Ligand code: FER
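Taking the form predicted alone, here's one chain by itself in structure tokens.
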Amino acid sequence: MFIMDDGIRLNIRLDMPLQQQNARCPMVIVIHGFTGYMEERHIVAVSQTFNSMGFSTLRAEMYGHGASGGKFENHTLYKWISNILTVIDYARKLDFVTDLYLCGHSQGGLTVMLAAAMKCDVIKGVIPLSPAWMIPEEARSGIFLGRNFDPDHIPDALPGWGNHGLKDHYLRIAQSIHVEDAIRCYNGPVLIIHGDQDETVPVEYGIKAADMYRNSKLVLIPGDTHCYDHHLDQVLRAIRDNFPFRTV
């Protein structure tokens, strides 16, 4: 189904717990990463794991991704933050939802970290998966997806990554974001899961985020990649065993 965020259609999918015991339950909002979509193998598996634990899930595709509106080349972190805040507001109006949690992979992990700080009175816990919170830092230093650029003179268009190009607004906005401020603002429980052979987001960022949050737990997946190509089962076990916010 679709919901609207300032004229942009967002594609969302609601899944209920596999064995729902009563009419009400907590919900986890699940967000994909850069170039991703809601039906990716690891996103579906994580969502289904939450369902097996008694949580409903709301998977959402962000601006310019999947079946949601907007062009990929025009997407920015500000637009994704707006999208997630809209999804949170939608979820809060569902009469069966008790508590809300956020889970995001890669750029989705970064964005849920930012959104949790903005909605710290609403979000009960956060599960960043391989969170790409180095994006603003690299944008300020003049690197993005392994490509160098002049951070003081950003070109109007950025080279494509695969078949995807980006407008300069993406990096200009990324430069303005300081994730450390968001981390300091959120006091709820945070479970970070990161493959120690991540080829996209260095595992040091997962370790650093866990050290900075006031109430966090880090689970490293030995020998695994950014999208958990080798040991997705260990990721799912880490969620089941370490999720500190489970209410059912």
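Counting begins at 1, following the sequence as shown. Worth saying up front: this structure is predicted, and the values here are computed from it rather than measured.
There is another form of the same protein, the form predicted together with the named molecule; it is not shown, and what comes next is about it.
Although the partner is absent from the chain shown here, I135, F144 and Y170 each have a heavy atom within 4.5 Å of the named molecule in the predicted bound form.
Stretch-level contact analysis of 48-56, 175-183, 208-216, 26-34 against the named molecule in the predicted bound form, using heavy atoms and a 4.5 Å limit, identifies 26-34. Of the candidates R13, H226, H231, R9, H226 is the one whose heavy atoms come within 4.5 Å of the named molecule in the predicted bound form; the others do not.
In the predicted bound form, at least one heavy atom of T200 sits within 4.5 Å of the named molecule. Although the partner is absent here, S106 sits close enough that one of its heavy atoms falls within 4.5 Å of the named molecule in the predicted bound form.
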